[in-house]
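Take a look at this single chain in structure tokens; it is the form predicted alone.
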């Protein structure tokens, strides 16, 4: 069986299999080598993600080959606690502990699996104000870029403490000129450019751990290796 890469996170993960999405790009990139499995849950934070871990991975076994798991939470945890998305807010210290617990769960099930923590993206606050939130009586954005940055730093700190890989998406995206519209479609979710950045960063993180198209075996004989004069010879012993 092919090894797997699980994508675990919130709406930015759930939407990653859409056209131009970073998850769909991973599927295409690793075709014939790895199965990319989507486990994204729109609106979820680390508190809820931790609560459903057993359910999320109920169909997986300790014996299956899992190359990596991306853990992409923080955009909802960082919601401002006294505004219209307060029900999604998770205090930053709890956020860090939840990430620790998620990493511990994954490493407990698959000790050799690479866990990649992805920080929340930056927030374009003016665009967030244009989103039709119900009962946004404050007239203030429900997320701020400063808060997202604090949670991004917390994410990176947890990765360092756990000895796992991390992607600083908050910083990386703000290096793009006009990132507010180049990378974000609604001040939070990703454009195709934003998705491309995540895809490239995940591929690079995996490559640093020795997982690339050059090192991963291809599933079953490729057409160029099949002898046209004796095609079935290539399938002996399979």
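What you are looking at is a predicted structure, and each value in this text was computed from that prediction instead of being measured. Between two forms, the rigid core is the largest collection of C-alphas that superpose within 1.5 Å. Positions refer to the first chain, counted from 1.
Keep in mind the form predicted together with another copy of the chain is missing from the figure; the text below concerns it.
Not one of 66, 131 and 139 comes within 4.5 Å of another copy of the chain in the predicted bound form, counting any heavy atom. In the predicted bound form, residue 52 approaches another copy of the chain with a heavy atom inside 4.5 Å.
Although the partner is absent here, residue 35 lies within 4.5 Å of another copy of the chain in the predicted bound form, judged by heavy atoms. Taking the partner from elsewhere, residue 88 is found to have a heavy atom lying within 4.5 Å of another copy of the chain in the predicted bound form. Shown alone here, residue 217 lies farther than 4.5 Å from another copy of the chain in the predicted bound form, counting heavy atoms only. Site annotation in the predicted bound form: the residue of 212, 192, 180, 171 reaching within 4.5 Å of another copy of the chain with a heavy atom is 192.
Of the candidate stretches 200-208, 181-189, 41-49, 66-74, only 41-49 contains residues with a heavy atom within 4.5 Å of another copy of the chain in the predicted bound form. With contact defined as any non-hydrogen atom lying within 4.5 angstroms of another copy of the chain in the predicted bound form, the contacting residues in 214-230 are 219, 220, 221, 223, 224, 226, 228, given in sequence order. Relative to the superposed core, residue 216 undergoes a Cα shift smaller than 2 Å between this form and the one not shown.
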